[in-house]
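Next up: a single chain in structure tokens, the form predicted alone.
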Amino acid sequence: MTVSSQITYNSLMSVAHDRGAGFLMLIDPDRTDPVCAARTAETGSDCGVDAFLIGSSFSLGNSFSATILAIKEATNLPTIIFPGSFAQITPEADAILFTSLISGRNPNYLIDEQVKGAPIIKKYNLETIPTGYMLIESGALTSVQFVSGTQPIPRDKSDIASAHALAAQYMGMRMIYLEAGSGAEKPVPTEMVAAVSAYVDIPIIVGGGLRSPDACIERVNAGASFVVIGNSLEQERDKAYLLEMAAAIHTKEIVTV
């Protein structure tokens, strides 16, 4: 794969253009085994999920690669690493969100993990999607906030979030990820999504605390190009729930000729 080859990124952009927004399912290998992950992914694929993010704040076991392989055997959708550290890099995935935690000031997550991971990514010839990762206050201490030792951006400070996002764009990042975090009590405010989307020219991913179709469609209408659903799937695994979420996120119908 050449530096200019962005197969997964282009696929995601096509989905966002054609469907209004993309539905990303987050699967945490620490919360499920590969067999269950594959079943969840297969159900998601049947119900309108567009791609899978695989990642964890810790990676407590040795099932990271096995989980990705199981998902790929169960579906034909893109598998994208959403790494909590450089240890979560494996050649089985289609791409990796090459994230920098730009909302914080911990150098370990701004650049150190990236320097450690870059040679591994090059060795595996993984497609990278440079992403400005931003924690947003959610009403609870989240796993990523605790592990990273950083403070989230206050949920009523859209101007601060917009300035960070613009800096990421100027640094060449291709996406912004607004994250309320695992265990979030409140999702990223709709007003913040709208403000950031209006301020930058790159796609916005929104995740954390989104538990209802209405919450999803509000963020899409505010400018989110992708919505991530993760923890809520642990409580709502049935197809009806996934179909409702997909219908809310996909604001455009696929036109067939």
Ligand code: 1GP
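One rule holds for the numbers: they count along the sequence shown, beginning at 1. In this text, all values refer to a predicted model and were calculated from it rather than measured experimentally.
The same protein also exists as the form predicted in complex with SN-glycerol-1-phosphate; that form is not shown, yet it is the one meant from here on.
Looking at Ala66, you'd find every heavy atom of it more than 4.5 angstroms from SN-glycerol-1-phosphate in the predicted complex. Taking non-hydrogen atoms only, Gly230 approaches SN-glycerol-1-phosphate to within 4.5 angstroms in the predicted complex. Mapping the unseen interface onto this chain, Gly132 falls outside it, with no heavy atom inside 4.5 Å of SN-glycerol-1-phosphate in the predicted complex. Contact between Leu26 and SN-glycerol-1-phosphate in the predicted complex is found at the 4.5 Å heavy atom cutoff. Here is the short version: of Thr90, Ser162, Ser182, Gln114, the single residue with a heavy atom within 4.5 Å of SN-glycerol-1-phosphate in the predicted complex is Ser182.
Note that among 122-130, 171-179, 69-77, 106-114, the stretch whose heavy atoms approach SN-glycerol-1-phosphate to within 4.5 Å in the predicted complex is 171-179. The partner is not shown here, but in the predicted complex the stretch 75-94 reaches within 4.5 angstroms of SN-glycerol-1-phosphate through a heavy atom at Phe82 alone.
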